[in-house]
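As a starting point, one isolated chain is supplied in structure tokens, in the form predicted on its own.
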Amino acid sequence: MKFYERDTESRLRLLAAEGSLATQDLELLSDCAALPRAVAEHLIENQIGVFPVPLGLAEHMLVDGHAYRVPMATEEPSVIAAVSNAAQRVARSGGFHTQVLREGIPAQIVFLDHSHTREDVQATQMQEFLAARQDTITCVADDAHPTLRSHGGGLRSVTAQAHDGFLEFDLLIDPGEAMGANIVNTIAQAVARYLGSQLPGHEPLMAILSNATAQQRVRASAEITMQSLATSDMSGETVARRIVEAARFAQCSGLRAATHNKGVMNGINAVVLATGNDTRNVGAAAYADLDDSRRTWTTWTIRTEGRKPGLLRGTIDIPLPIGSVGAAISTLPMAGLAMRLLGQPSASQLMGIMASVGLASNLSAMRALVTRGIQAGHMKLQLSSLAMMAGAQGRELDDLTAALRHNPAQANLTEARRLLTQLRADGE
């Protein structure tokens, strides 16, 4: 029997017999209540276990007047604390405000064109071709996914273009409340078969969605008072000015923009993962929206009104092709839990929450960066991770972490193990 033909239990027995897995490994791969084996083995190929990631809640998120505790799945220390910290500052000034665009997901149907017809002539011919068949194409799309119209979705437009030996049809498909990858691909393939029957002499090449989803995007904004930005040794006005300059530098420097954007995605990806959405799809769409003229999704400015104290204003404008139903969202038990914790938001509401979390993550990172430095906030939780790596358990974790904090500059695994040995000796 081939490996992929076995069930999970049989795969584990085979790996143990080969010596690839020890007894403790088998215990680690035992059934998980958060994702039962009966579910997991039907989601991916060659499944042998599950890979848990810590799930936490970001607090103080006030988005469009609704207060949320936002589920975030991440292994990186300080991400959730940073979002919660920034969100609390934003909440004092009215919270986050969002605008969502959900027009659809694009798909491409591509034929190889061997006719050598001039592109301008062919473009005119294709527009006439589409105009004569628009109603039929819509019917084909509806028949490919009969329930989509009843959920508010469906084919929205079809256009054509010719270039460099290719004939390309671009579809825009509204997936309703779903993220829509399977829906869009199903419709694209059905329409491709019909178009192929109408285009003899053109060789079909592919039919697939595009992850460049400029039509599924969200804009979130927030304002923060100067008082909320101040530190013990730096005024709020100074902090705000330095944040604006740091954001401006990210627009000038590709090196800085990469790290600036990673800070945004720290927050967004954690919510995407927790809610069962597709992190790779979101990442592809977000980065496809950037270029040398627009290196980041966020902007920061200082707004002043006469003699009133100024406000730091932040905005984020980012594609977020996500859904609130379907696929992993409906099959992963923890994703269902996350959606319940959020009050079962619509796809548009969830986009607004995610974008707001990304903006909060960006604010917190920049405030730390231009004041005390980024490592100060990271270090507390990193020391806890170091204590776990050294082998500390239970109460030892708190004691060893506290000991490491006395000299964080010298904190490393060797020192953590030495201190743990000393703590255990003192406890005997």
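Note that residue numbering follows the sequence shown and begins at 1. All of these numbers come straight from a predicted model, not from anything done at the bench.
Absent from the display: the form predicted in complex with a small molecule. The rest refers to it.
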Residue 262: touches the small molecule in the predicted complex, heavy atom cutoff 4.5 angstroms: yes
Heavy atom of residue 365 within 4.5 Å of the small molecule in the predicted complex: yes
Contact test in the predicted complex: residue 149 vs the small molecule, heavy atoms, 4.5 Å: no
is_contact(residue 266, the small molecule) in the predicted complex, heavy atom dist at most 4.5 Å: yes
Stretch from 251 to 259, 204 to 212, 159 to 167, 315 to 323 whose residues place a heavy atom within 4.5 Å of the small molecule in the predicted complex: 251 to 259
Position in contact with the small molecule when the complex is considered in the predicted complex, options 369, 48, 35, 383, heavy atoms within 4.5 Å: 369
Residue among 223, 278, 76, 177 with a heavy atom within 4.5 Å of the small molecule in the predicted complex: 76
